[in-house]
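Okay, so here's just one chain, in structure tokens, the form predicted alone.
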Amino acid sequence: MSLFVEAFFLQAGYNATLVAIGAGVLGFAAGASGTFPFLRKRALISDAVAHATLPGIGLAFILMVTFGGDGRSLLGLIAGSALTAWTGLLLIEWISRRTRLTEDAAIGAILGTFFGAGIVFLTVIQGMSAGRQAGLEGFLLGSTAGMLFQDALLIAVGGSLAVLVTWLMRRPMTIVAFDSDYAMTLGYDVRRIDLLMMGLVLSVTVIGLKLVGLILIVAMLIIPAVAARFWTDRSTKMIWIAGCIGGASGYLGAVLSASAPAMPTGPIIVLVAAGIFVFSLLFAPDRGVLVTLFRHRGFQARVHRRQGLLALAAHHPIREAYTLRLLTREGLVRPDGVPTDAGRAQAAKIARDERRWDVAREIYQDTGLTGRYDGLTPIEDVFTADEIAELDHQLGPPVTARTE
């Protein structure tokens, strides 16, 4: 626990501090940038983009070594990965637009082809004299052991720019994400905006390769946005919520990794993000599973209560065990099914409301008003007291339910 506290408050050493800050910034950028591809239902394009970076890493290393440079230069490796990732992105867009193949088929083809080419290049590099100590396998699952200040600076600058562009372009990207045809009528170039979304994904992917790895960076682009969707219906809020979830995942994952040095940072970050997703799935106030379950149980109880009271009003026995238990618990019937005074009053009220609605449909031709009747909405929530009095005037005096 003491190691965790030290790492959490950035007291666990220089490298642990760099990694924690870099992971937090990267997570925030990934969450915010992944929001619109998720809303556009193109989240898995980020998977293809990430896998398409691998051949670029291998080619960049080979070229830098061939021309006498340092093959492990992070800037050169990032440039190479960005080049092949952008090429893969353009190929996916071209295939889905110019051929009969669907986008998911294009993603699968490009992902497999580029990743296979990358593995071939890594194999070639391992046979080179300069490649045996290259450490390029760290780009698959991430490696933070040798993280430098310039690496953290690159993540901070690149991530901040990605978030800034996402915020500035939030309106056109929102319109395209929800209704691309409407966006075209407004004069937006949908193709360019789609490429911008994927370009943001690409930028976060290439700057996060060193920290999280190309396989796990996909999770950082998708999971925070998916988790944020449970907490809001507004895209502008979703950007910041997804960013905060991603940032918290990156920071806490790095802190946990620093407090348990044998644990890899990238996978721990993804597991923390997955934990936040599960929490959101279960406990989000509007869309969470538990809230939905309680809401369904409440709706079920209201339906059984209404049906039971209508049965009492019609002097029919209550045969459903759940309905009988419910009305008994509310004191509306006795355990043997005989209604109490309160039950008879409620049954008469429910039966009269049914008749009121029948009269209302004859008097009011506004379907927007009378169409709100679902059997559960109280009539007092739809009509005023004067309007209900007019309905009662049409019905005549109420009839009291007889005593058994």
Partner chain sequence: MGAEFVQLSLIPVLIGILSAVACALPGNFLILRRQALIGDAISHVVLPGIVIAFLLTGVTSVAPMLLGAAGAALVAVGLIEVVKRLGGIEPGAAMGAIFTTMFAAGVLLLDRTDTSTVHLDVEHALMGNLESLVWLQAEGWHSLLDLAILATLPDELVRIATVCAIVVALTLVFWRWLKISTFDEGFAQALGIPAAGLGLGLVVTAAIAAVAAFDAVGSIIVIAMFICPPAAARLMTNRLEHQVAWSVAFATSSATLGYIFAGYGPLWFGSPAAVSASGMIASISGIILGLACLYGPQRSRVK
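The term rigid core refers to the most C-alpha atoms you can superpose between the two forms while keeping them within 1.5 Å. Residue numbers count along the first chain shown, from 1. Quantities reported herein were computed from a predicted structural model and do not represent experimental measurements.
There is another form of this protein, the form predicted together with the partner chain, and it is not shown here; the text below is about that form.
- Of the listed positions (215, 162, 332, 252), a single one reaches within 4.5 angstroms of the partner chain by any non-hydrogen atom in the model of the complex, namely 215.
- The partner is absent here; in the model of the complex, the one residue of 154, 79, 289, 244 having a heavy atom within 4.5 Å of the partner chain is 289.
- Judged by heavy atoms within 4.5 Å of the partner chain in the model of the complex, the contact stretch among the candidates 23 to 31, 38 to 46, 338 to 346, 62 to 70 is 38 to 46.
- Site residues 89, 259 and 285 are none of them in contact with the partner chain in the model of the complex, judged by any heavy atom within 4.5 Å.
- At the 4.5 Å threshold, heavy atoms of residue 100 reach the partner chain in the model of the complex.
- Though the partner is left out of this view, residue 148 does not reach within 4.5 Å of the partner chain in the model of the complex, counting heavy atoms only.
- Contact between residue 107 and the partner chain in the model of the complex is found at the 4.5 Å heavy atom cutoff.
- Taking non-hydrogen atoms only, residue 223 approaches the partner chain to within 4.5 angstroms in the model of the complex.
- Although the partner chain is not shown here, in the model of the complex the stretch 316 to 340 places no heavy atom of any residue within 4.5 Å of it.
- Comparing the forms between the shown form and the other one on their rigid core, the Cα displacement of residue 153 stays under 2 Å.
- Relative to the superposed core, residue 293 undergoes a C-alpha shift of no less than 2 Å between the shown form and the other one.
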